[in-house]
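Next comes just one chain, in structure tokens: the form predicted alone.
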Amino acid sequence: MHFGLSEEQALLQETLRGFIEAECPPTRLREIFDEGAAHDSALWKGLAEIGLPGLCVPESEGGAGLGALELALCCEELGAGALPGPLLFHGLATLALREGGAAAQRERWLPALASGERVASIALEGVGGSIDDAAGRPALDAAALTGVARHVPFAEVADLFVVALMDGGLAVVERDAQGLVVEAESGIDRTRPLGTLHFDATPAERLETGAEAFDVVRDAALCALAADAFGAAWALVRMTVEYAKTRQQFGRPIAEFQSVKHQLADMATAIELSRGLYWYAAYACDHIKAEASQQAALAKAHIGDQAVEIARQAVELHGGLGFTWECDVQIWFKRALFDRAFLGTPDEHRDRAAALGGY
């Protein structure tokens, strides 16, 4: 049995890592973060040129035809580089269309999404504050959508939204649809802005098998967020190691102190041991459907908590500098906080995992 990545999967990560290092180094990332723009059209164009917007789109619609595991592997690199942009949420929206759309719906929307010509996002939460609270989601009556969707990533950028419905299904809404009002939200992560969608008899199109697709998208989303948090945590570990090598105390680099060595080793060990958790959860989304929901919930809960704890220790080891706006640690700290909270806290997902396990 093979427990590693295939050559193609490793190459996918290597390609995206190289793109981020070349096109969004820390200096450029800092500019985008300080501006608060989040969506950089040049970065999106570059991602489109290497085919990433179409990662989960079937080959027949112009994509790569890959799955939740490959999306999660990309999200690890997005988290490691704190790359601004909607790729994670765009990928989930295309996955929803692939899994829930009728042939005509897939043909209508997926080619433009695969090429990056259009940007999509997901709206999975209503006003109830929980991803599984269907009562607070918008309602679709015939072809008219009414209600509110909260915490929608890149709401002010997306051309297309996949919206979770009160009855458990999914619908697609285009940005210029009548009766749709987009309201910006105040979020912690300036690389991934949020918004609220208000629907007032807004034209929408139900996905043919959206109820079945919702579970697939939810589980893939939890895996993707876990992977992003994993990448962010490892970036913080590496950043802190490099800082410890240069920070002088009592005439010596603090990396030479035994207590600092132990703390850095504990940070690295804690996050690296969780790599298999998100790998297996994403693999289950693609190949072991019966285990997918529980494993995705566990991965999101555990890695979300681990990433935030590592971020706290990174701030501590950076000393007084770690608490400042000028220190880049804050960019990854806020990314980890977003990943931990978005689509449900660790406690919520541990409760879900326990319930799915019969406890």
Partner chain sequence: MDLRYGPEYEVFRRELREFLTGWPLSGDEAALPQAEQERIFRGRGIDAGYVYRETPEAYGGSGQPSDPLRDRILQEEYGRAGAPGNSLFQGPAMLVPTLLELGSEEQKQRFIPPTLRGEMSWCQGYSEPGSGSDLASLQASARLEGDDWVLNGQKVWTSNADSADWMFGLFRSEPEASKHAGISYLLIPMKQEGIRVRPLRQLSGAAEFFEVFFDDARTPAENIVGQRGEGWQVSRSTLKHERNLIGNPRMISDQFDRLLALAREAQVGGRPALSDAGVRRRLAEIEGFVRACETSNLRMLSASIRGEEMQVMLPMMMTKLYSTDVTQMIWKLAYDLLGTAGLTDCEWAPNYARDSTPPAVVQNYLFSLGPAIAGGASNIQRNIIGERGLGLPRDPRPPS
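These numbers come from a predicted model, not from an experiment. Residue numbers count along the first chain shown, from 1.
Not pictured, yet referred to below: the form predicted together with its partner chain.
Its partner chain contact at residue 15 in the predicted complex, heavy atom, 4.5 Å: Contact with its partner chain, no.
Is there a heavy atom of residue 28 lying 4.5 Å or less from a heavy atom of its partner chain in the predicted complex? The answer is no: residue 28 has no heavy atom within 4.5 Å of its partner chain.
Does any heavy atom of residue 319 come within 4.5 Å of a heavy atom of its partner chain in the predicted complex? Because a heavy atom of residue 319 falls inside 4.5 Å of its partner chain in the predicted complex, the answer is yes.
Does any heavy atom of residue 108 come within 4.5 Å of a heavy atom of its partner chain in the predicted complex? Outside the cut-off, so no.
Which of 169-177, 213-221, 186-194, 79-87 lines the interface with its partner chain in the predicted complex (heavy atom within 4.5 Å): Heavy atoms within 4.5 Å of its partner chain in the predicted complex occur in 186-194.
So, 156, 161 and 209: all three within 4.5 Å of its partner chain in the predicted complex by heavy atoms, or not? No residue of the spot touches its partner chain in the predicted complex.
Contact residue in the predicted complex, chosen from 134, 182, 270, 112 - any heavy atom within 4.5 Å of its partner chain: When its partner chain is considered in the predicted complex, the option within 4.5 Å is 270.
Among the candidates 48, 308, 64, 37, the residue which, in the predicted complex, approaches its partner chain to within 4.5 Å (heavy atoms): It is 308.
In the predicted complex: members of 317-352 within 4.5 Å of its partner chain, any heavy atom: If the 4.5 Å heavy-atom criterion is applied to its partner chain in the predicted complex, 317-352 yields 319, 320, 321, 322, 323, 324, 325, 326, 330, 333, 334, 337, 338, 340, 341, 342, 343, 344, 345, 347, 350, 351.
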